[in-house]
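In the block that follows, a single chain appears as structure tokens, in the form predicted alone.
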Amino acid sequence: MASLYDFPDIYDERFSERANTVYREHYQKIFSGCEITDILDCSFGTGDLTFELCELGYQVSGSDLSRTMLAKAEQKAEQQGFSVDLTCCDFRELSQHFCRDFSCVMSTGNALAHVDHPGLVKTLHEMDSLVRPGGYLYLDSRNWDVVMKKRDRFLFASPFIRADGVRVNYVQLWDYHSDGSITIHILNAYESEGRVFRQEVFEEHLMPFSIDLVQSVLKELGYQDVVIKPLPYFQDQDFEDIGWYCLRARKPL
């Protein structure tokens, strides 16, 4: 089954100028008061969740396992006039590819669920190795604690209209496996003049993890001032009511 990450143009379809504005405002709030100048997003993808940090004046670098996604990111950075250093690597091996540190290291886009729990722990350690003392580690994720309680099988997203007038319908089917992993089947249906003329089917295999696992690793690493907020952050909510969250934590000096 095809992976959505091999088709960056389709991956980017649901992102809009409105979404860009929302994420820019989110980062303004979540990093307010933090002494951050340079940022590495180790789950950069095509940059949809990260380029707004360039707009805010941060020096941004990125890494990702997918060369295809990074190639699209390079095109977008050039078009928008951003200077972003991009590296193709596995976030479980960051220290093998970077010989500098950053005031913030991020993992965006729910990427951490693409590895098993030992891989998640290793990734957090690798991210920490690139955070300079007094800097920040940031991640965002689905709220897997809620997902695994509800175990919903279908997700229907609101259709949207592309600039060329094509209506894109989007649905997911979730299979829950005995090993705790989830396979998400993604269907995009493209409609024009009342007729579906194209369908694309993709598959994601994810390993849900609890917020407790993340916090236990950060505690072991000595992180302080852990902040957990909804993603995007408009107002505070109880964790059990959050569909997606972000976490920011500070490394001691």
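Computed from a prediction, not measured in an experiment: that's the story for all the values here. One rule holds for the numbers: they count along the sequence shown, beginning at 1.
Heads up, the form predicted in complex with a small molecule isn't pictured, but that's what we're talking about next.
Undergrad: Is residue 245 near the small molecule? Define near as a heavy atom within 4.5 Å, in the model of the complex.
TA: Heavy-atom contact with the small molecule at 4.5 Å: absent for residue 245.
Undergrad: Should residue 114 be classed as touching the small molecule in the model of the complex when contacts are defined as heavy atoms within 4.5 Å?
TA: Yes - in the model of the complex, heavy atoms of residue 114 and the small molecule come within 4.5 Å of each other.
Undergrad: Taking heavy atoms only, is residue 239 within 4.5 angstroms of the small molecule in the model of the complex?
TA: Because no heavy atom of residue 239 falls inside 4.5 Å of the small molecule in the model of the complex, the answer is no.
Undergrad: How about residue 147: is it within 4.5 Å of the small molecule in the model of the complex, going by heavy atoms?
TA: Residue 147: no, not in contact with the small molecule in the model of the complex.
Undergrad: Could you spot which one of 166, 121, 86, 89 gets a heavy atom to within 4.5 Å of the small molecule in the model of the complex?
TA: Of the candidates 166, 121, 86, 89, 89 is the one lying within 4.5 Å of the small molecule in the model of the complex.
Undergrad: Taking a heavy atom within 4.5 Å as contact, would all three of 101, 103 and 128 count as contacting the small molecule in the model of the complex?
TA: Result no, not one residue of the spot touches the small molecule.
Undergrad: Of these, 28-36, 41-49, 219-227, 193-201, which stretch puts a heavy atom within 4.5 angstroms of the small molecule in the model of the complex?
TA: Answer to the contact question: 41-49.
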